[in-house]
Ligand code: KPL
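Given as structure tokens, the chain that follows is alone and in the form predicted alone.
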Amino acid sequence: MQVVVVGAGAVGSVVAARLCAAGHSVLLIGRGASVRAIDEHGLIVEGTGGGTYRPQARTELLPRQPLDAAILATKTFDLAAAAEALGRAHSPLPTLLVQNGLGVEEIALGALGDAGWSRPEEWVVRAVQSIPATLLGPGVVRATGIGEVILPDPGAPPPAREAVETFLVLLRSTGVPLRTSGGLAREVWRKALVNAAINPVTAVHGVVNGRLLESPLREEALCLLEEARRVAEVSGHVFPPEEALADFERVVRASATNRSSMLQDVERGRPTEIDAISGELLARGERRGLELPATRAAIAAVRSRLRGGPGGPKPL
């Protein structure tokens, strides 16, 4: 297949490399430094699936370039611009969203509709992914495992059934562990709960994920987890406390040596997804009358660290 991956960050780079390894024709859209590095020495992957790959790299999409599928792998705060650029450059095609956070589909569908796609909901597929990756520099990424991708169940009646089938075939060809769920919305919330507990604490304190198994960081993370669980419940997605705790501990143990994506962003002085994760939880909870003091404090602390506030994270 001819596939465009928009976003040459950690996850986008790993996905592009695996597609190349599977024999697909890959166009990787990234920032200038990434494109120059890939043009010069290829896309270098260290760790799992390590090697040098040669996707075609550009800074922007060209109109009417033949494509079979698109994967939008930008951070959530760049998603609207990426979706609008795709919509203006190409007629509707199967489009996969792999972002963290809540409200991702609404952002993409709105931008694609504004760009001229008719009924974009027939083409857009939300995925939940846990691909562990760290961007080491332009065109260089480390994959610390294989991860997993969850797609909607094609047997259910989603508007984008044919697009789901396209990505099932495409991703299976890469060897990435893949499963489907008839309750993808709950999987989105499941990941949002875990991210809300792990990412802000690691970003504020500058620690790897495994440190959240130790006091006092464990208690700080679990307080955020409980607030997020309450928001999920009033939003129609019930996670018993023991289930939420088991998810948290499973992810922390499996990614104990990883630096969360939010921590990586803070260390590089880049915008984080705090608004798409904790910010969305706060807004949704407060609309339903919930008090979420820990979540509010975590948002403020991450923003402070990004501005270079006192006690900023120190890599361990």
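For every residue, the number given is its place in the sequence shown, counted from 1. Computed from a predicted structure; not experimentally measured.
Keep in mind that the form predicted in complex with ligand KPL is not shown, yet the notes after this line are about it.
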{"item": "Candidate stretches 167-175, 187-195, 106-114, 224-232, one within 4.5 Å of ligand KPL in the model of the complex by heavy atom", "value": "187-195"}
{"item": "Ligand KPL: the contacting residue among 69, 251, 35, 276 in the model of the complex [heavy atom, 4.5 Å]", "value": "251"}
{"item": "Ligand KPL contact in the model of the complex: residue 76, any heavy atom under 4.5 Å", "value": "no"}
{"item": "Ligand KPL contact at residue 261 in the model of the complex, heavy atom, 4.5 Å", "value": "yes"}
{"item": "Contact label in the model of the complex: residue 95 to ligand KPL, heavy atom within 4.5 Å", "value": "no"}
{"item": "Contacts with ligand KPL in the model of the complex - residues in 89-114 whose heavy atoms fall within 4.5 Å", "value": "100"}
